[in-house]
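To begin, one chain is listed below as structure tokens, in the form predicted alone.
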């Protein structure tokens, strides 16, 4: 009897967690398909295609929170205007990175497979398998709900966190300007311009 009580309790508590994960999964599929549609639509000029992708990413990634985390100790010493400029530049940098990454997968098939809900951190973990002729790669999306809508807070490719990788990458660049965020913004502008030109060519 005790065993069946435990099973019932587990079942009851697992229902809302699965619902959260399934809702996040359905939302994520819609947003991924928007990006892939932009790449697969040959009638769209390259610039329009990227702007559509950038808008989708900016609307659905927790860009400001990720930007602040990635800036590390340089954040506290910066002025409000510098921070706002940095967030805008970081969001474009993030969009360019993800657009470039997804470009290689735009003609592949994908499937959202496992979904898990991390109750402690209130985060849905959604695995995506991308298939090609030579094999498959797994991407894990970390999705969180805030104010009745979902946001992507991280992306793991082969178990490597995009956010952690960006923090390490930016820290190396920030060192060259003594963690001065205003000077760093100038570097980020140049890097974004270069990435943008490569993406359109």
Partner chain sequence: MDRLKQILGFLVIIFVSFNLYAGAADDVKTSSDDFETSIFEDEIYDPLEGINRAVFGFNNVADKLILEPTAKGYKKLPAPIQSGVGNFLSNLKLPLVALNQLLQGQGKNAAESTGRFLVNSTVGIFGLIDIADDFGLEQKEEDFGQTLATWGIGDGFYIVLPLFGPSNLRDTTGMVMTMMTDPVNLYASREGDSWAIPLRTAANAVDQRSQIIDEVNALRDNSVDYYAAVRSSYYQNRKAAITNTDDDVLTPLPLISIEFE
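Remember, it's a predicted structure, so these values are computed and weren't measured experimentally. Positions refer to the first chain, counted from 1.
Keep in mind that the form predicted together with its partner chain is missing from the display, and what follows is about it.
In the predicted complex, no residue of the candidate spot (46, 82 and 86) has a heavy atom lying within 4.5 Å of its partner chain.
Taking 40, 26, 165, 58 one by one, only a single residue has any non-hydrogen atom within 4.5 Å of its partner chain in the predicted complex, and it is 165. Taking the partner from the other structure, its partner chain in the predicted complex has no heavy atom within 4.5 Å of any heavy atom of residue 33. Shown alone here, residue 51 lies farther than 4.5 Å from its partner chain in the predicted complex, counting heavy atoms only.
Among heavy atoms of residue 113, none comes within 4.5 Å of its partner chain in the predicted complex. For the chain shown alone, residue 129 is not a contact residue for its partner chain in the predicted complex, no non-hydrogen atom being within 4.5 angstroms. Residues are counted as partner-facing when one of their heavy atoms sits within 4.5 Å of its partner chain in the predicted complex; in 49-87 these are 62, 64, 65, 66, 68, 69, 72, 75, 76, 87, in sequence order.
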